[in-house]
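We begin with a single chain expressed as structure tokens, specifically the form predicted on its own.
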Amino acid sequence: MRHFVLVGSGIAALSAAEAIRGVDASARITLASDEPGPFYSRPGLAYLLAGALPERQLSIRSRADVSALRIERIDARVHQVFPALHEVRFTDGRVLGYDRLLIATGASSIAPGFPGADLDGVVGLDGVDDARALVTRAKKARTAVVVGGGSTAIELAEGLQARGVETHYFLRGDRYWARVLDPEESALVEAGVSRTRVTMHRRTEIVRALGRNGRVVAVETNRGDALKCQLIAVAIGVRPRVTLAREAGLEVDRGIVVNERMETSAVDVYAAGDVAQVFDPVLGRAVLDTLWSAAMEQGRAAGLNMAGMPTVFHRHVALNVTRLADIITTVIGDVGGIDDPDLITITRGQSEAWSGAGTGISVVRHDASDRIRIHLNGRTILGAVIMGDQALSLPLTRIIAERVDITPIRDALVERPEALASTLLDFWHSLHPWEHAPYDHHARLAH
């Protein structure tokens, strides 16, 4: 009986376990993680923090489904991996042998560098424990400061405000999430944030956090102001947790380097999820994704290969659907982003591929409540941002993923941006006449 050890308890590890069990009914599967509890939705933490979703609804598998996988769980941290011995060692000294090992340790928030960052009250949002702690802290806090960019910063700001905490959002730059959004898109989100009564401060950063008895009581800013607060929530980016892999002698760059079968540089050791750095043949380089869908697909591919079913992982176009200040927003592929002073690296729910090329032109269709931007280069659409009505999400995802030649409509897209939606939908239907989008339902956007 083969023994598979999975280090991590996120969607990548779960997907690997499901894939292994689907191939090998008799295998022994051990999942090791210092985060106990059921498998939960990481994207759902924003709704838990805001009070829009009870914690029990974060579970992504029923007890019966998990039980059917027959996973042995060890609620402890793996301290060392010994690839030559096919063993892992836990912090409590226990040693466990394996036939195949998956490292799915994810990524963790980057700590801020300002003085006072070690005070009680400086927090992030890495997992369900952090969300629980924030809910508890919000009951006593009067004022909070949020710093950073991406969807996590918005989640923190809106969640704390929804909990009755007066919240101030500091942006080091001139606008929100410049790495992904263009100025008008940023403005739409910022207006939505302001409607929630979160106060935004542009070109503002924390010089130091002030404390009393080890706890945050205020921040000093680069503008010479002092703002009293009891919480500082930080979302300046994440880094893959690669210490375990590096100390084991595996090849590590920004993440753990894997091949098309999710294999690391060590025999019988695999990696998947936020910690894995995967080659993208379109970009011609290895990239990091912190996307739920990517982690799920990588975990499944890793599990199949571990179980002896050769499977090539085909990296799909980077895609995320999120809610930014109550605006449903889909980001697909390379959207031509620029450097973002609020982020040290990518944040959760993002891909390095979103700002991969940085070349091309953008075409925009915008009305009162919906916005579409496509990023073109030559004969293909490199990426897109869709805000509001999502009628074009599926067609654009397929067009971008399949690198469809848009030469027949390129001039129309560039010269008549007001007809962008209808031009794309008509083109899509000409390619896939058997697939019908709800034209009538989305008539307001398409025409």
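Being a predicted model, the structure only gives us computed values, none of them experimental. All residue numbers refer to positions in the sequence shown, first residue = 1.
One more form of this protein should be noted, the form predicted in complex with a small molecule, which is absent from this view; the next part is about it.
Legend entry - is_contact(Thr105, the small molecule) in the predicted complex, heavy atom dist at most 4.5 Å: Yes, Thr105 lies within 4.5 Å of the small molecule in the predicted complex.
Inset, instruction - Evaluate Thr152 for contact with the small molecule in the predicted complex, applying a 4.5 angstroms cut-off between non-hydrogen atoms, and reply yes or no. - result: So Thr152 counts as contacting the small molecule.
Inset, instruction - Look up in the predicted complex whether Arg241 has a non-hydrogen atom within 4.5 angstroms of the small molecule, and give yes or no. - result: Looking in the predicted complex, residue contacts with the small molecule include Arg241, since a heavy atom lies within 4.5 Å.
Inset, instruction - Could you confirm whether Gly273 comes within 4.5 Å of the small molecule in the predicted complex, counting heavy atoms only? - result: The answer is yes: Gly273 has a heavy atom within 4.5 Å of the small molecule.
Inset, instruction - Look at the stretches 184 to 192, 72 to 80, 210 to 218, 157 to 165 and give the one with heavy atoms within 4.5 Å of the small molecule in the predicted complex. - result: It is 72 to 80 that comes within 4.5 Å of the partner.
Inset, instruction - Report the residue, out of Ala144, Ala301, Leu125, Val269, that has at least one non-hydrogen atom within 4.5 angstroms of the small molecule in the predicted complex. - result: Only one option qualifies, and that one is Leu125.
Inset, instruction - Tell me, out of Ile372, Ala295, Leu134, Leu101, which residue has a non-hydrogen atom within 4.5 angstroms of the small molecule in the predicted complex. - result: Flagged contact: Ala295.
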